[in-house]
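Here are two versions of the same chain, shown separately as structure tokens and labelled structure 1 and structure 2.
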Structure 1
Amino acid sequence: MSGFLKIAIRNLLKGPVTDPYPFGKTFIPEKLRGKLKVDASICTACGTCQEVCPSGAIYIKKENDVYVHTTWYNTCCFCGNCEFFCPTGAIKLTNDFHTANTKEEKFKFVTIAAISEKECPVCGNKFVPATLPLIEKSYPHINDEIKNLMKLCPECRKKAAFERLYQ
């Protein structure tokens, strides 16, 4: 019995060993895959995330001049495919694990991002622009001519590049 008393007294002096959550801060692993965050400024609405999502939680729909990127957490399995395969790095899984909700909120528990289309300065067609900040990050020495090409729609960009090559 003396061994039991030693352990009991040691534990009483040591204090609680559980996290104080939800009444205080708790340890959250840095690599925890929680709710995702979509950076609409670099998303090109290519649909790769929608294709690689095994649970069908991501849906991209065009409404007027905006692509609406919706993620439903009631079906998301937090596998991380969307982040891994996103060609622009627009999707990041956060370590926000607060995903509990009521039955009434089930279909409202979503993340929505709006990706706006721009108007091509040459032809006036609407398009989702190439992600110039990512290109500048990868190729810091690009010139102004290339930066101006990135502001054009894909068709006008092809024409301008072709004309430049065969002048």
Structure 2
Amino acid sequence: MSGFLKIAIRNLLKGPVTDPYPFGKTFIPEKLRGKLKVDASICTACGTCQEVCPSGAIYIKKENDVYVHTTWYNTCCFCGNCEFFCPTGAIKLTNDFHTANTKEEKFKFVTIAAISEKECPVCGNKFVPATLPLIEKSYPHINDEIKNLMKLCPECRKKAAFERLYQ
């Protein structure tokens, strides 16, 4: 018993090890996987997150000319698959772990990002353009020409690129 007595006395001197959370501070690591943050300006509404989500917590729906990206936390298991597979880096998991909610709030417990379609300056068709972080992955150097082409819809872009080749 003497072996444990030493530990017990040391513990007595050390004081409590538990944190008085929520009344005091507690240890929250930077990398803790909590609620999502979706950056609508980077997202291209490609649907990868919806496909890889194991629990079906992500749902993307088109409403008029806006793609609504909804994450419902009552199904989310905070696995971070969406963050890992997101091709643009628009989804980031924050370390906000506060997920207690009342029954009335059940269906309101969501994160919403609205990705609006842009108008093509040439033909006026609406589309979701590729965003800069996505283009940066494909091209090492991005010049103004690429940036201008990004603004065009796929059809007009094909045309513009073809014309550029034969001029």
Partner chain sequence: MSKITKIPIGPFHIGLEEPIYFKIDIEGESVKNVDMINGFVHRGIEYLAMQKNFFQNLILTERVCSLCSNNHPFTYVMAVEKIANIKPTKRALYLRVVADEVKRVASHMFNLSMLAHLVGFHTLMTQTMEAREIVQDIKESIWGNRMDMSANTLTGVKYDVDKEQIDYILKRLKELEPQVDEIMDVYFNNKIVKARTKGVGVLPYEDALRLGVTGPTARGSGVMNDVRIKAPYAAYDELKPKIIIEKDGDVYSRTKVRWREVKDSIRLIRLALKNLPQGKVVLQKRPHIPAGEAVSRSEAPRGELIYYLKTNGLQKPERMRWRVPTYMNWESLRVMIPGNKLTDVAVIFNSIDPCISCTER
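Everything numeric here is computed off the predicted structure, so don't read it as measured data. Just so we're on the same page, rigid core means the largest C-alpha set that superposes within 1.5 Å between forms. Please note that residue numbering is based on structure 1, beginning with 1 at the start of its sequence.
Identify which of the two structures, 1 or 2, is the form predicted in complex with the partner chain.
-> Looking at both, the form predicted in complex with the partner chain is number 2.
Superposing on the rigid core, do we see a C-alpha displacement of 2 Å or more at Asn148 between structures 1 and 2?
-> The answer is no, as the C-alpha of Asn148 shifts between structures 1 and 2 by less than 2 Å after core alignment.
Once the two forms are fitted on their core, CA shift of Leu12 between structures 1 and 2 in Å | Here Leu12 registers a C-alpha shift of 6.8 Å.
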